[in-house]
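Take a look at this single chain, the form predicted on its own, given in structure tokens.
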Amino acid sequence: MMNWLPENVSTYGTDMDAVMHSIWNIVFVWFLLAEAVLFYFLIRYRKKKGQRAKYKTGNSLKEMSWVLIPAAIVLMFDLGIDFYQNPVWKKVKIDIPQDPDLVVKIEGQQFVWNMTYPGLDNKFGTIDDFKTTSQLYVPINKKVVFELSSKDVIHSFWVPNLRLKQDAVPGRVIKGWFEAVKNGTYSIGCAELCGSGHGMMRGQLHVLSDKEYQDWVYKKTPKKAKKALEAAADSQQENSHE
């Protein structure tokens, strides 16, 4: 079943796949068992000539056990899955890197993803900030933290190859992270019905080498910002020589 999933290219994707694999196995086994019992009952208690159907109130403990025992088994497996997936949830959703290599702001809007980059100085709110539309560029093997928001309705930022899905809620900024481990271009979608153009709200994740990424950032940085930063660097260098 794991072959049905798109290729995993994130550091925590293997852990996510292991959780899903365990859930599929549990559900598949109990599905077969439940269907076997169902067909047995259909045959064993089928309509027969000379026999009338009986009505059971379900008030006795023996009769109630047909519901209580399966419910207890389901609860046991549910708690087991929760216990098993808790470390993965903590890694993906709670332990967000405090010293990321890159921070990107992502805003959902009917029907595009707006990406804001900090530019060459790696700081937001300065003249070298720039934006892309539905195209997310990141360096390989680097921890990327994103600040996700929505301009209008609820969206859901979904990158299957990263095993990443996070809702974007109006009025909130939600942080998440990932680390891509393979170069390439991968699909971005919206996993929350957000309007008539929901199906067209697609984008691409581009995982580049470190040099390719730095070259791309330099190319995207506004010319005025480049000149200002270069002038500041030259001035700082002159002052250091003095």
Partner chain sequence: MSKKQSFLTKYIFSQDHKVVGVQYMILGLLMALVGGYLAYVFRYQLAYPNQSIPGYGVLEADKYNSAVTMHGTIMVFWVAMPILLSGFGNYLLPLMVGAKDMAFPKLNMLSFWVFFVSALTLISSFFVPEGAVGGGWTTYPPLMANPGFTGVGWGAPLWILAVALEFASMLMSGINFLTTTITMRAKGMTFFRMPLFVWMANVASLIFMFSVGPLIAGALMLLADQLFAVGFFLPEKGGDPLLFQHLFWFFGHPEVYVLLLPALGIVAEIITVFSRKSIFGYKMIIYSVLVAGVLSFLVWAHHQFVSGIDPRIAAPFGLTTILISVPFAITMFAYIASLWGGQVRFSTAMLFAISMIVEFLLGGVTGILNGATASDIYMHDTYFVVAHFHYTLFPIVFLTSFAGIYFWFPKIFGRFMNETWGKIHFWITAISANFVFLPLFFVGIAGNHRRIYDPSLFEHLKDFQYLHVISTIGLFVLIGAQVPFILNFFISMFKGKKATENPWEANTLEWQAPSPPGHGNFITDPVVHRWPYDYSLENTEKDWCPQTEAI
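Residue numbers count along the first chain shown, from 1. Because the structure is predicted, anything quoted here is derived from the model rather than measured.
Only in words, not in the display: the form predicted in complex with the partner chain, which the text now covers.
Participant: Does any part of Lys131 reach within 4.5 Å of the partner chain in the predicted bound form? Heavy atoms only, please.
Facilitator: Close contact is absent here: in the predicted bound form, Lys131 is far from the partner chain, nothing within 4.5 Å, heavy atoms only.
Participant: Report yes if any heavy atom of Gly184 sits within 4.5 Å of a heavy atom of the partner chain in the predicted bound form; otherwise report no.
Facilitator: Gly184: no contact with the partner chain in the predicted bound form.
Participant: Taking 4.5 angstroms as the cut-off for heavy atoms, does Val103 touch the partner chain in the predicted bound form?
Facilitator: No - in the predicted bound form, heavy atoms of Val103 and the partner chain never come within 4.5 Å of each other.
Participant: Please tell me whether any heavy atom belonging to Asp82 falls inside 4.5 Å of a heavy atom of the partner chain, as the geometry stands in the predicted bound form.
Facilitator: The answer is yes: Asp82 has a heavy atom within 4.5 Å of the partner chain.
Participant: Which residue, Asn114, Asn86, Thr126, Asn141, is the contact with the partner chain in the predicted bound form, using a 4.5 Å heavy atom cutoff?
Facilitator: Among Asn114, Asn86, Thr126, Asn141, a heavy atom within 4.5 Å of the partner chain in the predicted bound form occurs only for Asn86.
Participant: Go through 181-220 residue by residue and record those having a heavy atom within 4.5 Å of the partner chain in the predicted bound form; state none if no residue qualifies.
Facilitator: If the 4.5 Å heavy-atom criterion is applied to the partner chain in the predicted bound form, 181-220 yields Ser187, Ile188, Gly189, Cys190, Ala191, Glu192, Leu193, Cys194, Gly195, Ser196, His198, Gly199, Met200, Met201, Arg202.
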